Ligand code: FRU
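We begin with a single chain expressed as structure tokens, specifically the form predicted alone.
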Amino acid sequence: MEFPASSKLAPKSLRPVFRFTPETNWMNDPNGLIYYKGKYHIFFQYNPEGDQWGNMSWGHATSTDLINWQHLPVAIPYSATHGIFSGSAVVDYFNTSGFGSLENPAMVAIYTDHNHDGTHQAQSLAYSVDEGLTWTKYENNPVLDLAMKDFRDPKVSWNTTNEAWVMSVVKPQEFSVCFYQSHDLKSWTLLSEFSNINGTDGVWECPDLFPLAVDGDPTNIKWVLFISVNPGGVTGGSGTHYFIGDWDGKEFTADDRTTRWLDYGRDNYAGVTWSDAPNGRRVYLGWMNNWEYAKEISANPYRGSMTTPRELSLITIDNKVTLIQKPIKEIASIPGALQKFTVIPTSTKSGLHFSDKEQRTIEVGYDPSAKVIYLDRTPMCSDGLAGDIQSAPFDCKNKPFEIEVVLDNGSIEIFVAGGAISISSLLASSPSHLSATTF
């Protein structure tokens, strides 16, 4: 499964400054997000042989601040028969698996083994006792096999409700998330399934189940379930929706089945959160791309990038528990990366124009007639991007409101209503060439 290298190269000025990219070659989903011994680890879907999808392996990098990354060798390479598809990683502090010791706990990766011929997917393990630098595959893989063609993307964490490991894993074609429990990471028992068959179109992928305190109250915990869908995203192609509800140790019960979108932009997919982040942080990272055109974006010599990491919380707005996304506080240390604007609504559209040195303009605005916040990137959509207007429902009630804008090379991410709404979009421009004016 080797793919030809691309001859199409992007301007080097468009490589992101602080959003994660691999040094070279193709990258898609973030995998195995784990914090251990002062470092944030990111593993990711990676093709070590070229800049198009294929030869799926786990790439690896680490950071102490989520901004500056040290690139490391490929962690888990593909084999002659199997690709290493998406999954997660844990640190087995109690040595439940026996792969390490209490003095030197193993880092354990739980990933989907994918037959190259596309006929079979199952969940397997690999472990590392040197902080993720080298890996050994478990000799009795796979550890969870339903003999299915499509069964993937295990997200595992230590669940304090269960006092056990809990896996969220999808049956993509059945629009179903399965929850399994294990006490040793090797033997798994089905707890329940969650489905929303009459919800969004597109196969389900990359689930993530995690708790958050409501309004910062540790006695009031709700659970959030992320599920990526492709196609069927709110603005076309790839997207991520989520549910808020309760987890009783066996079943996830959604407060309602309303489709809530994590991001109303074209370019945020397959995201999950870090495990064991310090100070109780729940930090999210997504692949900043869309399967509709991911293979067309110019290589530089990498192809693919991640969103800005975001800290998640739950707050109550108008008696409704609402998911909030904020760019991580570390971004504020980068000059010009995070900008804040106050929009004063009028009877017509109002907002911001960002113009580059070629006088191409993107528009971030509020439309009072449609009651939407929108981003129109059409003039900056060369380089294979789909040119369209991305919008999210928003009623400012004729009051001034703030827009937070994160600019990096080749991208814009906007956050509205205190982070209740986000729109993430790739651009064919550099922020060093963008200037903002209001309208």
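The numbering used is simple: start at 1 and walk along the sequence shown. Note that the coordinates shown come from a computational prediction; the quantities given were computed from them, not determined experimentally.
There is another form of the same protein, the form predicted in complex with the ligand; it is not shown, and what comes next is about it.
Participant: Give a yes or no for Thr307: in the model of the complex, does one of its heavy atoms lie within 4.5 Å of a heavy atom belonging to the ligand?
Facilitator: Result no; Thr307 lies far from the ligand in the model of the complex.
Participant: Might Gln390 be said to contact the ligand in the model of the complex, defining contact as any heavy atom within 4.5 Å?
Facilitator: Flag for Gln390 set to no.
Participant: Even though the ligand is not shown here, does Ile227 get within 4.5 Å of it in the model of the complex, heavy atoms only?
Facilitator: Contact check for Ile227: no, nothing within 4.5 Å of the ligand in the model of the complex.
Participant: Taking 4.5 angstroms as the cut-off for heavy atoms, does Ser86 touch the ligand in the model of the complex?
Facilitator: Contact with the ligand, yes.
Participant: Would the ligand be touched by all three of Trp53, Ala270 and Trp291 in the model of the complex, meaning a heavy atom each within 4.5 Å?
Facilitator: Verified in the model of the complex; spot residues all in contact, yes.
Participant: Looking at Asp208, Asp113, Asp92, Glu205, which has any heavy atom no more than 4.5 Å from the ligand in the model of the complex?
Facilitator: The option sitting close enough to the partner is Glu205.
Participant: Of these, 129 to 137, 322 to 330, 146 to 154, 358 to 366, which stretch puts a heavy atom within 4.5 angstroms of the ligand in the model of the complex?
Facilitator: Result for this chain: 146 to 154.
Participant: Hey, which residues along 25 to 48 are within 4.5 angstroms of the ligand in the model of the complex, non-hydrogen atoms only?
Facilitator: Heavy-atom contacts within 4.5 Å come from Asn28, Asp29, Gln45.
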